[in-house]
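In the form predicted on its own, a lone chain appears below as structure tokens.
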């Protein structure tokens, strides 16, 4: 990364200055410091403020420290530097240094921005998200968790982590008992065994049950399982519930796949934690009891959560003998730790915030490290149309389902708008904006930038019609010539940018503002790997959507100000290399977020 190369040069300069005894009391090179963007581009491309941070330890004025560092800096490798009060070091990169970094985009292509996994010693991450009950369709809240979770998983993979994604199926407990009652009644109503008026009041909505339990589906399943005539009057409740559960899981899987959310594993609570012969929940209670962290009161088992920082103790097993959600959660997290992951990330709804102290305390109580667990809480999301919150479900009228919203706005808009929001903020999904096909819609604006870059390539290598003569003319550049540029010339530091943009070498004078746009765009493109790393470290996929909006804005400005066709060959090649690099980076960033990069729009 450009940042690392520049900082390494400065670290060498500081080391030389220390060795020469010219940095006062300073004894060692700082392990980390930042390379910042200059607020005013007239001051330079980047700035380093390390002199201010070293002043106290060195017992020297920052301006003197900065001047000493520059004295030992091999700045000819990068361009020119200027020291300004109170101790900033401003850098203007020369075109050769920019190009040496810029060619990495062309040579790495769709791998540009992906960081090396071998540089991470502890890189195995398990990320668990969505985890909706298998009792209904996925609503917009689930959709927000799904999109943000998948975007974060992708972001971490690009940043060099080994990521494993998991969906926790809540298929044990009272919600499954309720599903069994609901499914049996829904089937019996459709088979005219009971009337609709007999459908239980506290069951799941009848409409959602009959939508998933269609006669042609459940009849086939029952016939296969029972291997004979079906007695709907005496239908087994658990069997009906199992059929409904599996059908809802199929539905949820399909909806998630449609929005490009795919899991490495679907973890069944029932199969993995509650099996009679290997009951992990019972086992976890034994561990807590052995460690002295359980007690009995009024027939219930309590976990000493207050001892581990919670506001109160928590019930593990109710007096009726039923285990609580916390008991299963502890067993599940033990299972995660036992699988050898270095970091566990849970994406939970904001309403689960109060459960954090309990689960962290329980992890500590069974002698695992709670610091390896990261919890990300996602706040509520609502739908807005023309500035007013709306209901849009065709089936219920009061819940927005993911598949319905995707039908309305498309997968790309759905994903981008969700990713573009910070998880810990309440989100308002603007339905009308998401459907617009103009620059007001950010995802359209970004995709249009990619399509514009693709159009330049098509226009250069396609035959043209002369407007005046109406005759067909040959392409500006042959397919073999374009291939040479894309696969060889642009992938090697050939001073393409320097020949076109250096003041001394310019064949055609370029306006200073126009040149600044070019430099800013090039630097932003080069910085994509840094943007990936920064976003991954703070678990913020929205940083990539912000980056994309900035790149798209710069590219559209570049496109409008810089003709590629009808200029000198050197200038054409330089501008084309920028357009192609923009196309690569935009496509990579969109791909990271699970959004398509169209060639035409």
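Positions refer to the first chain, counted from 1. Predicted, not measured: the structure shown is a model, and the values here were computed from it.
Keep in mind that the form predicted together with the RNA is not shown, yet the notes after this line are about it.
Chemist: Please state whether every one of the three residues 352, 424 and 546 places a non-hydrogen atom within 4.5 angstroms of the RNA in the model of the complex.
Modeler: The answer is yes: all three residues contact the partner (heavy atom, 4.5 Å cut-off).
Chemist: Have a look at 81, 247, 315, 210 for me and say which one sits with a heavy atom within 4.5 Å of the RNA in the model of the complex.
Modeler: Result of the distance check: 315.
Chemist: The RNA isn't shown here, but in the model of the complex which of 308, 302, 164, 267 has a heavy atom within 4.5 Å of it?
Modeler: Looking at the other structure, the residue within range turns out to be 302.
Chemist: From the candidate stretches 227-235, 424-432, 251-259, 145-153, select the single one in contact with the RNA in the model of the complex, where contact means a heavy atom within 4.5 Å.
Modeler: Checking each option against the 4.5 Å cut-off leaves 424-432.
Chemist: Would residue 564 sit within 4.5 Å of the RNA in the model of the complex, counting heavy atoms only?
Modeler: The answer is yes: residue 564 has a heavy atom within 4.5 Å of the RNA.
Chemist: Does the RNA come within 4.5 Å of any heavy atom of residue 102 in the model of the complex?
Modeler: Flag for residue 102 set to no.
Chemist: Can residue 52 be called a contact residue for the RNA in the model of the complex at 4.5 Å between heavy atoms?
Modeler: Contact check for residue 52: yes, within 4.5 Å of the RNA in the model of the complex.
Chemist: Flag residue 279 as yes or no: does it have a non-hydrogen atom within 4.5 angstroms of any non-hydrogen atom of the RNA in the model of the complex?
Modeler: Taking the distances in the model of the complex, the answer for residue 279 is no, it never comes within 4.5 Å of the RNA.
Chemist: Could you run down 581-601 and flag each residue that has a heavy atom within 4.5 Å of the RNA in the model of the complex?
Modeler: 599, 600, 601, in sequence order.
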